[in-house]
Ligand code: CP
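Only one chain is shown below, in structure tokens, and it's the form predicted alone.
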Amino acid sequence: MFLYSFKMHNLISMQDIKKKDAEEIFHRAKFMENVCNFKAGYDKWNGKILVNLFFEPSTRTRMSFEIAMLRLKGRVSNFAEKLSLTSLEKGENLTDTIRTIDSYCDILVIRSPKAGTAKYASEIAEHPIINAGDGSNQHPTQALLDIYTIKKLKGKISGLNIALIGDLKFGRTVHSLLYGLAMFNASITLISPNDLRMPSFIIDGVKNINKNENIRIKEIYDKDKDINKTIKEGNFDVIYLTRIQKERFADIEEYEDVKDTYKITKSIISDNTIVMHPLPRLNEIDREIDNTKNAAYFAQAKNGVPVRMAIIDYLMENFYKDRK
């Protein structure tokens, strides 16, 4: 049924993913769409348990992982989001928490406000770990579902002209997505206020991993530039927006200065441009776009279930094959 089986047991960062891993996940996700639509059955993980360890609030990511595991005939336990409802509030250290919960389940999905938590968990846990977002660092499953959505709607990634717009400094979704788009040879324009530019170490990391490829990354980082003109003249195939994240700012005045920098309206995009957003959104996208063929953000959210089904399936299959 499926093409490849590698040694990948955890999904922590897009830097860790090879192109064949991503392609295999996309191949499986296409099949999982049929499972979601009741056109195919799949009960290989019947009775297996997934635990969501979410130390930050989440709606789409947590629910899509929960529904993904249920679609795979598995079971789900959700870890309390508020530390006041956990033993961590009593002083229990994270190591003990992870080891204990790992002993209860078969795969763990972890979200944390602290960068590096998922990687740390992967070094402790016996079972597969999936990073569902660690601070402002990475969100690899979001990047994979984003790329899957683009491929479905555009038929390819290579050669597409893609703009990433908004909070590129703290936006973990775009950090992961940049690695993925470069892996598939897209042409990328980064548009942000100067203080919210994509970190240079991420751009350097993308170029280093893809050093044998002709990586095309352009930066536009002056919030006073005419963004409407830039978008109109950019001829973008894909516009990917992120909200300015108030919770990541230490100084509220800095947030107020940039919060409404960018807003996409129907008048400034071409008929063939798709508009994407990891959600939740604030004022970045005019509501008039919602019911047009340009809007791809609800398709993104829907694709989260089959893509995460594919990720769970792929990691667990590799894990159990290696245990034989």
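Start at 1 with the first residue shown and count on from there. Note that this is a predicted model, so its numbers are computed, not measured.
Below, we refer to the form predicted together with this ligand, which is not included among the displayed structures.
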Answer for residue 261 alone: is it within 4.5 Å of this ligand in the predicted complex, judged on heavy atom distances? no
Would residue 268 show up as a contact with this ligand in the predicted complex if we use heavy atoms at 4.5 Å? no
Interface membership of residue 273, this ligand in the predicted complex, 4.5 Å heavy atom rule: no
Given that this ligand is not shown alongside this chain, does residue 41 nevertheless sit within 4.5 Å of it in the predicted complex, heavy atom to heavy atom? no
Of 49, 289, 279, 70, which one comes within 4.5 Å of this ligand in the predicted complex, counting heavy atoms only? 279
Please name which of the stretches 289 to 297, 26 to 34, 41 to 49, 58 to 66 has residues with heavy atoms lying within 4.5 Å of this ligand in the predicted complex. 58 to 66
